[in-house]
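Alright, here's a single protein chain in two forms, structure 1 and structure 2, each given by itself as structure tokens.
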Structure 1
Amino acid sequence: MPVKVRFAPSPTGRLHIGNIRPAVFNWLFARREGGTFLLRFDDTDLERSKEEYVTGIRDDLTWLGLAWDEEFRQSQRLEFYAAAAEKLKKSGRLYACYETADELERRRKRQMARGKPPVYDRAALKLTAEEKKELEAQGRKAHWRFLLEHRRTAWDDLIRGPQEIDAASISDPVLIRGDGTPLYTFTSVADDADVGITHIIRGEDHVTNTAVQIQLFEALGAPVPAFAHHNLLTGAQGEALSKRLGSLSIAGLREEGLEPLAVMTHASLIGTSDALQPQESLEALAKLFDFAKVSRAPARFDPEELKGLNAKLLHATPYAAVANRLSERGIGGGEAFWLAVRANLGVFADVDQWWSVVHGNIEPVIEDAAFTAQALTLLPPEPWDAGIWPQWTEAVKKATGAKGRALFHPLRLALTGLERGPELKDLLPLIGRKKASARLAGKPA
């Protein structure tokens, strides 16, 4: 059967590095297997779902390169859920309940006081038709629970291995609210069954939902997908990541100038030995993706590690991959410029600074005017190539006796105005003799 997976965000906030991981895992798995990646917006919570978040989620996925093959929204499928609910009602697996929230809470406390687990006691199953009518006459509206089979429900998790949950330890879940709106567990399974999802890849916080969902797939007469529950991310100090933690949002990482491939790599491989190794492409990352590499332990996200990976990625990026991006920023210099500066980039936007050094006007820093003046007199004529720097500095060394830092540091300050940067053997031909001469003379150029 062809692989079909889904990413199903609720548009109640922006995506962050933690909750993007299911999207990353599902997309990489689908691409590795030649399958289909579906984007589904779980937006039945109409009060909290916002159109701005729908747009934001699409933007985040697009920036990361996570193209989806199909898309739909749950808010547009309410008639389908109603029909699925009727099927469960007719089979006796969905039953009406009338307790208020306060009544259920009091009952739960009594059970705990008696040392019993706070599991719903199925009192509603004992109601007669007359009693139901009387409750409805009082203005009570039925909510609907799914009747679980009290048996051990097992599955072989693709990440966690064999899992088993005794359904008798779980309350029959409410699938339909009193106002008639369906809840997540029901809509999610109904959709997955309807569109033929083959694998459900999600965070381990959903493990406890799995037994219920397996029984719900079976009750709907649908094949049960394979499940894979990955570990969750925490902050650098072990704290939970919040959907509203702007600093770690995908939009925030994009605004910081991080590369989408670096974010994808770190999100999918964090906690493994490959997490800090740059990948050539999303295709290469998909080939590397393997459930066996996903740790069971929580993975700590350190923004500094991501920044380090981002820098490594840029340092290894060939000119052809950035030629258009450089052109869009008005940066020339071709491959020679890119190869000269890429090892000094933390984020791509850092190229602007080095283009300014090469092509713009800078204020030179003259540490020793007599030294730079003498160096200027020894500056060779053009044309220049990478060999001009060692030729020139050797001449300056012989003329002045300066060596090491005393030789190179004042030349760097004069030529770039900065303490450190790319190799001057690569920068000097790009700067050119005219600018170099002016800067050595202490003139802005």
Structure 2
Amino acid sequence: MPVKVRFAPSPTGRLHIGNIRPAVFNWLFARREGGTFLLRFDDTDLERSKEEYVTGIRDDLTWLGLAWDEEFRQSQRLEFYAAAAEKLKKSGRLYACYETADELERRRKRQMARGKPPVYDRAALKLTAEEKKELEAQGRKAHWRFLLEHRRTAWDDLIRGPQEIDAASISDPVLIRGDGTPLYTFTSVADDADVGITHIIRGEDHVTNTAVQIQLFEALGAPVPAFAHHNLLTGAQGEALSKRLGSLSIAGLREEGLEPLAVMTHASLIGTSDALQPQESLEALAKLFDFAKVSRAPARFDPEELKGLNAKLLHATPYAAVANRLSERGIGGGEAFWLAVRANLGVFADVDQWWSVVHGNIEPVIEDAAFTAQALTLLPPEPWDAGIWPQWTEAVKKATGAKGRALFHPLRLALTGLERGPELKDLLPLIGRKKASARLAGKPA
């Protein structure tokens, strides 16, 4: 059976480093298996869902390179859910309840205070037809709960292994709100069953839901898909990673100039037994993907680790992969320039700085005017080749007696205006004699 998976975000916010992982895992798995990857917007919560987030999530996925085969949204399938609900009512698995949200909330608090788990007591099940009629006459609107079978419900999780949940410890979930609109648990399963999702890959915050959903699949007469629940991420200090996600949003990382491939690599390798190494493509990542490698313990997300990975990725990137991006920025210099500077990049945009060192105008820093002046007189005439640097520095060394740091540091400062940077042997031919001369003389060039 061909693999069919989905990523089903609710458009109530942008994607971030935490909730991108189910998208990444699903996509990678589909890619590895040659399956289909669906994007479904779970927008049944009209209060919180916003159109701008639909667009934003699409942008985030596109930037990451996670192309989807089909897209649909739940708000456009309301008749379908209503029909599915009718079936459940007929089979007696959906029953009407009349408690208000306040009443339920009070009841839960009372149960917890008594040390009991806050599970719905099925009081509505005992309501007679007359009592229901009376409640309706008072203007109460029914919401509908799914009648769970109180038995242990089990599945073999692709990541966590054999799982078992006692359905008696869970409340009968509300599937239809008092206003008639369907809720996540129901729409999600109805859709997964309808489109034939084969594998549900998601965060471990959904493991308890799984028991309910398995019973729902069965009640709907649909085959139960395979489940895989991955570990969640915590902050660098081990704290829950749900609040304060501004800088951790995908859009934010993009603005910081990180490579999408670095973000993808980090998202898919963190919390697994694979070493966090730069990968050359999404295909390479897909080949690495394996449920067996995913840990069950939460993993810490450290922004510094992501940045480090981004830098390493850049350091290993061949010229052909960035030639277009360089020319888009108005950077020439070809492969020689890229190879000279790539090892000094943290983010791609750092190339601008090195391009201005080579091609633009910079302010030289003169540490020892007499020294650089003397070095200037020893600068060989052009044409220059790759051997110009050792040839020149050898001459300067002989004339001044300077060596090591005393020799190179002032030259680097004068030539680039910076403390650190690429090999000067590679940079000097790119800078050229004209600029080099001016800078050694302390003049901006």
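None of the values given here were measured: they were computed from a predicted structure. Between two forms, the rigid core is defined as the largest C-alpha subset superposing within 1.5 Å. For residue numbers, the reference is structure 1: its sequence is counted from 1.
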When you get a sec, tell me if the form predicted in complex with the RNA is 1 or 2. 2
For residue 128, decide whether the Cα shift between structure 1 and structure 2 is 2 Å or greater, given a superposition on the rigid core. yes
Using a rigid core superposition, assess whether residue 271 undergoes a CA shift of 2 Å or more between structure 1 and structure 2. yes
Can a Cα shift of no less than 2 Å be assigned to residue 83 between structure 1 and structure 2, given superposition on the rigid core? no
Distance the CA of residue 106 travels between structure 1 and structure 2 [rigid core superposed, Å]: 4.7
